[in-house]
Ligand SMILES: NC(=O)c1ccc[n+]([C@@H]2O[C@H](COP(=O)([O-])OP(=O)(O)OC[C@H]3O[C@@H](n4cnc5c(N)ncnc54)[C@H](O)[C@@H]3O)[C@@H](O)[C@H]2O)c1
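Okay, so here's just one chain, in structure tokens, the form predicted on its own.
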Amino acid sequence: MTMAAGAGLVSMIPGQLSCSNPNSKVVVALIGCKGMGFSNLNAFMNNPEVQVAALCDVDENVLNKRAAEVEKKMGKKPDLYKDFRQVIDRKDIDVVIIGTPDHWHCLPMVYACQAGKDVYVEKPMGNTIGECYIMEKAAKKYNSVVQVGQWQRSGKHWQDAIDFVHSGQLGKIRTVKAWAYMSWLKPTYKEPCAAPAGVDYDFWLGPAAKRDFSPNRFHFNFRWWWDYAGGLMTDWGVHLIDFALYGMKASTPNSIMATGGNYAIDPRAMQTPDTQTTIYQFDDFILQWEHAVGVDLGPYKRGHGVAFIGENATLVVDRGGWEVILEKAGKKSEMKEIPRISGKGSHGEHVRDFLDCVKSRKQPKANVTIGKDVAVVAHMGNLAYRTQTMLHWDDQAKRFDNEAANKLIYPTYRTPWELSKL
């Protein structure tokens, strides 16, 4: 493995937590403390075996705030770091939570796996198709338990809905729709300025291209820029496309086409499309993804969801529940319409599943291959949009029939950072 900017840092033999004592303490560290990273850590801290050893963030303001919150909840202040490599170098840490912007998922995860740690990594698993393949390879090579933050995989009503899809009662499914309409997401343009005091902005950029600081690219807003993320497609898309693939027992499509643009949001505040429709063609069905920033009312009068459109009925599932709608009102059928069955969030259950797997060494519900599969499909949709071309995918060669898209499969890292080679 190449580890420029950190060569020689991690060389220990992997030695994951022993499963001999299911009540043994699990020592946890968090890298990336502001948003979902700290939400994840809070879910971990609700489990009695968890000890929080370290927090890491390039923003001192965030780091100090979170340290105080952890101390209040756990009774002990964790050690604080700005450089994630110092966290991974600690032999007493069992689990690393990666809650950074997407462009900082790959390197910390690979280094952590090499160091014998288990990893809970936020979605999307990687920021490019190539990173996802490298991360999957690292987890398998070093026998790390990896849970991707696609927490709906641990939700009972989501599983019940998929079980119904797999029962065959919907009839042949030729079309699946997944969507996210988000009215509360309305980024506005802000003038570039100096980075806030206490922020190591160069480290925040890391392997991404050198850019002047802008509030429109920093913290939560990173998700709207190709340098660091993939917009709503990889933000909400991975949650919902995951279940489309799960329900259809599918992995990669044969072809992808996409259209959209920045029709509502100032492109100075949002580079990724605020409106996008993507069509994936598989062997015997099509998957349609659509999203809109600044709009709430999506298909079936729901802001987000997945719809499996069968010849007998359609099943619609979202974070609040699922229902079955008959294909034709009054049509004679043994099927009964299923009114909406309510569901609830499953973030805590997802973390619990991971902790159990850390001890048992079994695969968690959103394991590294599941995380890889859905992130790859989401990135394919973005590449079709960015190249404005219908792309055909060769799954054996792991290449498109388009060189512009192929050049974006693997990222180009800024010196001194280098993409890991396994």
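Sequential numbering from 1, following the sequence displayed. The shown structure was predicted, so the numbers you read here are calculated from the model rather than taken from an experiment.
What comes next is about the form predicted together with this ligand, which does not appear here.
Student: Counting only non-hydrogen atoms and a 4.5 angstroms cut-off, does W224 reach this ligand in the model of the complex?
Tutor: So W224 does not count as contacting this ligand.
Student: Is G32 part of the interface with this ligand in the model of the complex - any heavy atom within 4.5 Å?
Tutor: Yes, contact at 4.5 Å.
Student: May I ask you to state whether D59 is within 4.5 Å of this ligand in the model of the complex, using heavy atom distances?
Tutor: Yes, D59 lies within 4.5 Å of this ligand in the model of the complex.
Student: Although the partner isn't part of this model, could you tell me whether F220 comes within 4.5 Å of this ligand in the model of the complex, counting any heavy atom of the residue?
Tutor: Yes.
Student: Note which of F213, Y133, F203, F282 lies within 4.5 Å of this ligand in the model of the complex, where distance is taken over heavy atoms; exactly one does.
Tutor: Residue within 4.5 Å of the partner: F203.
Student: What is the one choice in E122, D242, D318, D94 with a heavy atom within 4.5 Å of this ligand in the model of the complex?
Tutor: If I apply the 4.5 Å criterion carefully, the residue I get is E122.
Student: Select, from the options 387 to 395, 374 to 382, 35 to 43, 351 to 359, the stretch whose residues sit within 4.5 angstroms of this ligand in the model of the complex by heavy atom distance.
Tutor: Checking each option against the 4.5 Å cut-off leaves 35 to 43.
Student: Quick one: which residues from 358 to 375 get a non-hydrogen atom within 4.5 Å of this ligand in the model of the complex?
Tutor: None of them.
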